[in-house]
Structure formats: structure tokens, C-alpha cells
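First, one chain by itself in C-alpha cells, the form predicted alone.
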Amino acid sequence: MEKTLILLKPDAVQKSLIGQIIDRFERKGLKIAWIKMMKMSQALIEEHYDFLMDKPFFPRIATYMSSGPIIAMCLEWADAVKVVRQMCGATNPAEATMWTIRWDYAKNIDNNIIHASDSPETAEKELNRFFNVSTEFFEYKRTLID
């Protein structure tokens, strides 16, 4: 099973969309392996968005991501990265395919509801950034699946 990171950003939390978004992933068959609510520190924001720190819009991202709590989740499934990114839609909601999460819920590119890892390699790095694998991870099997 492949793992990927999802972050439900502050606007998803503020708009009470947590359950609706999680429901989409679970109905698709993805397994929630880890989940937690947290507030991102400035250091974590800078580490996660280090590739954007030299961009003029980085201060807006930092303000946005520290404006409230986020939900960090590890989802598991065959081809989890690809499937989750398809379900999320384009980063810019104006370019997102109809019925994707961003098409349905995101306001604009600055408030785009969700983050999803872009590759299995990135997912591994990001999961280690947001979760302490040695203390926060445990394995479980879903036995009540139809």
C-alpha cells in the first residue's frame, strides 16, 4: 500500500469541511492511517514551503497556514498519491476539474483548501515532517469492509 500526506488547510477547518472531505476519501476506499489536528509553527511552514520562500507571495502563504488549525492525515491505498491528487483537483481551483475537492470547496489559489503530496518520494518526506513515525504510528486492518 502506498501512503500520501493530506493537509486540510485552515480554510477547510474554518468552513467545517473536514467531515465532507474525509468522507470522499473513505468512500473511494482510501484508509486513514494517521490523523491529527495541529497548528503549524513558523519553522514548520518554512520547512514545508522551503521551495517557495524566495517568492513574493510566501508571506501570504505563511500567514494563511498559521491562521488556524490544520488537519494532517496519512492516507493509504494502491496508487494513493495519484488517486488523491486527482480527487483534489488542480492547485488553482479555477483550473480544477468539475466535482474535485478544490472545484467544489476552494475559493481561490491562495485559499485552496487542501495539500496533497505530489509523489511517493515527497509523501515520505512530508509524512516524516508532520508525524513522528516511531510514536504516532500504529498498524490496523479494516475488517468490516463490504
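The first residue of the sequence shown is number 1, and the count goes up from there. Just so we're clear, the structure is a prediction, and the values are computed from it rather than from any experiment.
FYI, the form predicted together with a small molecule isn't displayed, but the following is about it.
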{"query": "Which of 75-83, 104-112, 39-47, 26-34 sits within 4.5 Å of the small molecule in the model of the complex, heavy atom basis", "finding": "104-112"}
{"query": "Partner-contacting position among 91, 119, 97, 67 - heavy atom within 4.5 Å of the small molecule in the model of the complex", "finding": "91"}
{"query": "Close approach of residue 52 to the small molecule in the model of the complex, 4.5 Å, heavy atom", "finding": "yes"}
{"query": "Partner contact for residue 62 in the model of the complex: the small molecule, 4.5 angstroms, heavy atom", "finding": "no"}
